[in-house]
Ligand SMILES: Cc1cc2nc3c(=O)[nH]c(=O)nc-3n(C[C@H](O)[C@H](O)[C@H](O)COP(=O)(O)O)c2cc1C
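One chain follows as structure tokens, the form predicted on its own.
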């Protein structure tokens, strides 16, 4: 998630219990060449983060050999090609959803990366564009990824043009899994273990589940997957603030903290007021003061946060 799954957030998740694997935010492949992997909040990793997948926004015109070599030097264990992002920036460089739609370019790029990269290689995809023949086009692209040597596919079952509107079509997981030998990782509208448990017929065919936005709301969710536990929300927010100030310069740290708070606020009954107040902060000192005032009032929490409107 661009702007969210940076080094500070990954550190927070790891220290709250961690998960099986963590993805970086989508990285502009060319930018990697100018980043310091030991200091960059996008590239740096800490031992406690565990298995980390570097997600790339990669296009046909990118210098693949240099990029892959650079990630290898940084100690990357796994790469993921984002073929799901429909942003203007991604499509402008024929990456993301544009690469998914261009079958020949997809085949060429993925095969080249596979030849260069001997470790885990996955792809993040959506259903494509909503059109009468979308099922045939989707199946064709799954075959290309399988034949090109992908190790797994992350599927977010929405169409490109939907972004996060409408619901994710979990009922399509069994059909998608039937099209390929590749392990399928389910993504989209997953609020935790209850989602899969309530739809066992839809999730029985997937190999793993990936949480995105709900992990921003509840960074401890993976540690509490099998059993519930209590958390100190004020302490977690403060820890996130501290980690951001360590990894980012002040203006960026403030912006990233406000972005995180937008989701974290969903834990509270009047979270919109908390988010709105902190969004007006003008400095790190100001946002910490506003947060301390909110937490000092003992805010009421909600039993199950909702992602509606986020």
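Residue numbers count along the first chain shown, from 1. Only a predicted model underlies this, so the values are computations on that prediction, with no experimental measurement involved.
There is another form of this protein, the form predicted together with this ligand, and it is not shown here; the text below is about that form.
None of the heavy atoms of residue 169 is located within 4.5 Å of this ligand in the model of the complex. Proximity of residue 212 to this ligand in the model of the complex: non-hydrogen atoms within 4.5 Å are present.
In the model of the complex, residue 187 approaches this ligand with a heavy atom inside 4.5 Å. Although the partner is absent here, residue 26 is a contact residue: one of its heavy atoms lies within 4.5 angstroms of this ligand in the model of the complex. Of the residues given (164, 134, 225, 175), 164 alone sits with a heavy atom within 4.5 Å of this ligand in the model of the complex.
With the partner removed from view, the residue among 54, 248, 268, 263 that has a non-hydrogen atom within 4.5 Å of this ligand in the model of the complex turns out to be 263. Contact annotation for the candidate site: 7, 45 and 220 all lie away from this ligand in the model of the complex (no heavy atom within 4.5 Å). With this ligand left out of view, the stretch that reaches within 4.5 Å of it through heavy atoms in the model of the complex is, among 225-233, 189-197, 106-114, 89-97, 189-197. Applying a 4.5 Å heavy atom cutoff to this ligand in the model of the complex picks out 1, 2, 4 from 1-20, in order along the sequence.
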